[in-house]
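Heads up, the chain below is alone and in the form predicted on its own; it's given as structure tokens.
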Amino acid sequence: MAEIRIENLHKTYKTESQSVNALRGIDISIPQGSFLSVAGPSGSGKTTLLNIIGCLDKPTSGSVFFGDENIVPMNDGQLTVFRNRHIGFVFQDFNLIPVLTVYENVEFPLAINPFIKEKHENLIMKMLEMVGIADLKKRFPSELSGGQKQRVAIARALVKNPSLVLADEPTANLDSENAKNIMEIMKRMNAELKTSFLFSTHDKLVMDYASNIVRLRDGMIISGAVE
């Protein structure tokens, strides 16, 4: 898939007493193969932006193009299909399924994705080997360290060969050594697989690894929009 373009994106949350403008006219172009960080204080709109790009939320107005395809007009069912086919997620709290093994957690996106044709075992073991935990495939999440859990999460995000991986504070629950190791893994997989990575982060380490940084404040870009 070609570049991702966000054009004049607005998101307003309304309650009975007030309206909150979470995003106010965001314009970003994300070329294929990017390693981009979105940075800003709490309440700046980082997570809202990632949720809209990830087909988890809808904007109030504006467009989000994946290549020539605008996802904003899609209904919930179409967004689910698009998300399952094109987008992977890495979360700060890992979001592994505790009753499944490492192997089964990585297999899970394949089991619900009708577009995967290749034999599951080959894909899963390839990913586990790439993140360095093939020997842990029979362990459960409770038997893993934080760094190992995040490696499982990365393998799970990439196993379906998505166009884009969204990572929301991926180093937040890791010590500095594990955080560096995780960023090294994602940077290498970005280079080898040409998958785009988009991070939401407060962490200077993540920003140091990023090829580009977009800084948000009060729902607006204050620096670093990718041309």
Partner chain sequence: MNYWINLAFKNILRKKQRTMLTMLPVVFGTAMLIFVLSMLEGVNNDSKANLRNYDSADLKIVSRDFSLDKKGFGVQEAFYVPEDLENFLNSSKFVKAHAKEVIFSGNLSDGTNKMAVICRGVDFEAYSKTFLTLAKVYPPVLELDKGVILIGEDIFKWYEMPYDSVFILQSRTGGGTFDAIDLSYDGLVATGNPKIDRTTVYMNIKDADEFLNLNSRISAIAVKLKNPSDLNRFINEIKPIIKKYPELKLISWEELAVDIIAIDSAKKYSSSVMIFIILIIGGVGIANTILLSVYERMKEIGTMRAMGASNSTIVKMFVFEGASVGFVAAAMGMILGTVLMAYISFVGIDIGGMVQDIDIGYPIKSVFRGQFDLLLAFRAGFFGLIIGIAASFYPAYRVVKENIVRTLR
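Residue numbers count along the first chain shown, from 1. Every value quoted in this text rests on a predicted model; they were computed, and no experiment measured them.
Absent from the display: the form predicted in complex with the partner chain. The rest refers to it.
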{"item": "Listed range touching the partner chain, judged in the model of the complex by heavy atoms within 4.5 Å, from 83-91, 67-75, 128-136, 141-149", "value": "83-91"}
{"item": "Any non-hydrogen atom of residue 175 within 4.5 angstroms of the partner chain in the model of the complex", "value": "no"}
{"item": "Any non-hydrogen atom of residue 57 within 4.5 angstroms of the partner chain in the model of the complex", "value": "yes"}
{"item": "Contact label in the model of the complex: residue 181 to the partner chain, heavy atom within 4.5 Å", "value": "no"}
{"item": "Any non-hydrogen atom of residue 51 within 4.5 angstroms of the partner chain in the model of the complex", "value": "yes"}
{"item": "Residues in 151-170 close to the partner chain in the model of the complex, defined by a heavy atom within 4.5 Å, in order", "value": "156, 160"}
